[in-house]
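Shown here is one chain on its own, the form predicted alone, set out as structure tokens.
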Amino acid sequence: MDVLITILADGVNSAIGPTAVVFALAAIGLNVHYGYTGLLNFGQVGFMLVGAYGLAITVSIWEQPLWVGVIAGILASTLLALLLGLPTLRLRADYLAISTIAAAEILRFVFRSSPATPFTGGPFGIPSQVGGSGYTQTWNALNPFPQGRYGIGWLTFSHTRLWATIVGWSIVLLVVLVVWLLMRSPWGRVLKSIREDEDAARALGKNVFAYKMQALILGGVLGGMAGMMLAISQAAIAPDQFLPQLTFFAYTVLIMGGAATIWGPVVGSLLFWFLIASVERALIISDVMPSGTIGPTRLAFVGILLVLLMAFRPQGLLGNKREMVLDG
């Protein structure tokens, strides 16, 4: 019984913690791209990277206030969407996917390169203590909770984790409300019409390219916000944290919850991280394999989960299968 409680405790703590917030935001951004507009963006991790570094460089390197760093992260995500969208949004879905994943990898290698080291820290990244006013310290200075642990029974959080969790899920709920209002508006209905048949939308006089660009910017900014949440929940950020697998984690979250649904990314993130953390803890406790193989096993588990979802439940838990039809 104690073993089961330990496994469930790890799962629940992970499901409602800051990591789940990060992937809920990233998946909501992908939902705007893929679920509502039909844009197959495989480079969401690139938006997370520029959002995180926009915050970290502004606060830790340039020693600016936290709110300036947040604005910098949003502007960096918007700029990336413009630079990425202008040459690629007229491509077919598969070519767009290749272009976006390539752009994200190019960004990662640029940020870890020697010429970028004075700003990005190169492959070692930016510790939050740089400059004496790091982004994590600045964030934690706003924490109203006294130092200690909070919770009930086995569900406990440190004061810093509790602060990040409360603010993070509040942001998620606000973003869900904004997306819900947008998708019920005429603008959102145009996005859905583009997903279904962009030629028909164009024939009705809609500027399809402009709407796609707006959707790319909105989803990219949400990805940048996910990157900023990732930054403030860690002691340092480095380029190699932003691997392509993060985008596929976000897609698994989205597909699990249901694409083109308002609550799908949130439910998917909760369930995904509960399963991941529970499986990891079960493997550690059972000691059925060397500890060094648990990380690769987790990736294999995610891959199997994604295959099963696409084969048997492509619409996800909350989705409608008709919403998954894309025009290639």
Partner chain sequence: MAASLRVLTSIATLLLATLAMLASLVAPAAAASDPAPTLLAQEGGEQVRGTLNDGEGDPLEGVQLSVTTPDGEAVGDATSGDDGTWAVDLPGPGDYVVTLDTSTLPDGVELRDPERDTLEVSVNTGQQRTLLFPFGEGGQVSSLGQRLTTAAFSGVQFGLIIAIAAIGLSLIFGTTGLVNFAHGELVTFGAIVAWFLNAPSGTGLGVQLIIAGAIAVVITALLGGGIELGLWRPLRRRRTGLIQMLVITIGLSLALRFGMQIVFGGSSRPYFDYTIQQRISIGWLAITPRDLIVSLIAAATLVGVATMLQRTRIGKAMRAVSDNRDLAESSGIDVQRVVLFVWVMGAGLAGFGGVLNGVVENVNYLLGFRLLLLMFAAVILGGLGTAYGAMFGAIVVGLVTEISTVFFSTELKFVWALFVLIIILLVRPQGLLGRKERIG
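Model, not experiment: these values are computed from the prediction. Positions refer to the first chain, counted from 1.
Quick note: we don't show the form predicted together with its partner chain, though the next part is all about it.
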{"query": "Residues Ile101, Pro115 and Leu243 all lining its partner chain in the predicted complex, heavy atom within 4.5 Å", "finding": "yes"}
{"query": "Selected contact from Ile57, Leu40, Val266, Ala277, since only one has a non-hydrogen atom within 4.5 angstroms of its partner chain in the predicted complex", "finding": "Leu40"}
{"query": "Among the candidates Trp169, Phe248, Phe157, Phe145, the residue which, in the predicted complex, approaches its partner chain to within 4.5 Å (heavy atoms)", "finding": "Phe248"}
{"query": "is_contact(Leu306, its partner chain) in the predicted complex, heavy atom dist at most 4.5 Å", "finding": "yes"}
{"query": "4.5 Å heavy atom contact, Met256 and its partner chain in the predicted complex", "finding": "no"}
{"query": "is_contact(Arg92, its partner chain) in the predicted complex, heavy atom dist at most 4.5 Å", "finding": "yes"}
{"query": "Contact of Arg202 with its partner chain in the predicted complex (heavy atom, 4.5 Å)", "finding": "yes"}
{"query": "Contact stretch among 137-145, 67-75, 248-256, 157-165 - heavy atom within 4.5 Å of its partner chain in the predicted complex", "finding": "248-256"}
{"query": "Interface residues of 182-197 toward its partner chain, as seen in the predicted complex [heavy atoms, 4.5 Å]", "finding": "none"}
